[in-house]
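What follows is a single chain, given as structure tokens, in the form predicted alone.
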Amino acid sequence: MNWLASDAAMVRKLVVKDWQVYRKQLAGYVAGLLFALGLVGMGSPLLSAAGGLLLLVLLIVVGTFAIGSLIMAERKEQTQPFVMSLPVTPMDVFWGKLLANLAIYLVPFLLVTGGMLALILGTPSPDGAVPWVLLIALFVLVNFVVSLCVAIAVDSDGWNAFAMLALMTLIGPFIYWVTWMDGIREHLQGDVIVWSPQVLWLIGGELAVIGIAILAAGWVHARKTSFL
């Protein structure tokens, strides 16, 4: 079982191809995210709430659209025979799809996360909200990575749609859960950033889920000896 790509140069070409296909849509999403960050930064509670919700929705949509366009739509368009004609292995395609989608998603993700942290630390807003923001941002990233890995590993559109919808429904309850969790709730309105054991355990758990999802999808592809 080989986990490595056979041709790094070909993987890079696959990543660049997907990036070029998606860059125009990505520019539109980035403009929307900057607008939403502007709403959050206005300081009005109503506008901040609207901006925060818009950020969350756009982050979910940009990930769903990337997975749908670069993986699920390509299957419907029967591009596999074309891929089989290229000098690539199943692991080359796995790493190409994984890295391309991660690169595309990390642009808006880092923009939103960095923008939110800059707004908190650069304004009179309570700095104690920093761990809370990071936990929610990482959960959204976990949501995307797990959905991506399911889409790469499973050919069924029905199961992919079910996985994405099921994961999306967890975001709201997760936000409510961490907002009222001991070790987080009492520090949200404070001016001191507290990395409580609960925060550190949750961050570790989120990173572990990302790693497990990538390993599981890689294991599925590493077992393949051909594209069929």
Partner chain sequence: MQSGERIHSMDNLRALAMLAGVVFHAALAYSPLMHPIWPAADAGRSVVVDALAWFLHMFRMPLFFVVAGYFAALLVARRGMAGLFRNRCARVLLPLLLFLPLVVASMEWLTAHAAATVAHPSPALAWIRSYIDAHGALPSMPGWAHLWFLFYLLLFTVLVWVASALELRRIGAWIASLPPLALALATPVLLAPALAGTGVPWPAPEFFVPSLWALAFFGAYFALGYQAFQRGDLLDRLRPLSPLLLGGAIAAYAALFWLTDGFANARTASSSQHLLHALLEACAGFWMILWCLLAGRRWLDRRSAAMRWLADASYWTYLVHLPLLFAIQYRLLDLPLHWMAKFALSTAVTLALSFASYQLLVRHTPIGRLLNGKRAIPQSPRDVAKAA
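Numbering follows the first chain given and starts at 1. All figures in this text were calculated on a predicted structure; none of them were measured in a lab.
If you look for the form predicted in complex with the partner chain, you will not find it shown, but the lines that follow are about it.
For residue 99, no non-hydrogen atom is located within 4.5 Å of the partner chain in the predicted bound form, even though that partner is not displayed. In the predicted bound form, the partner chain sits within 4.5 Å of a heavy atom belonging to residue 38. Residue contact with the partner chain in the predicted bound form: residue 28 places a heavy atom within 4.5 Å of it.
The closest non-hydrogen atom of residue 118 lies within 4.5 Å of the partner chain in the predicted bound form. Note on the interface: of 134-142, 121-129, 151-159, 88-96, the segment with non-hydrogen atoms within 4.5 angstroms of the partner chain in the predicted bound form is 121-129. Interface residue among 34, 166, 53, 61, judged by heavy atoms within 4.5 Å of the partner chain in the predicted bound form: 34. When the partner chain is considered in the predicted bound form, only one residue from 170, 49, 192, 42 comes within 4.5 Å through any heavy atom, namely 42.
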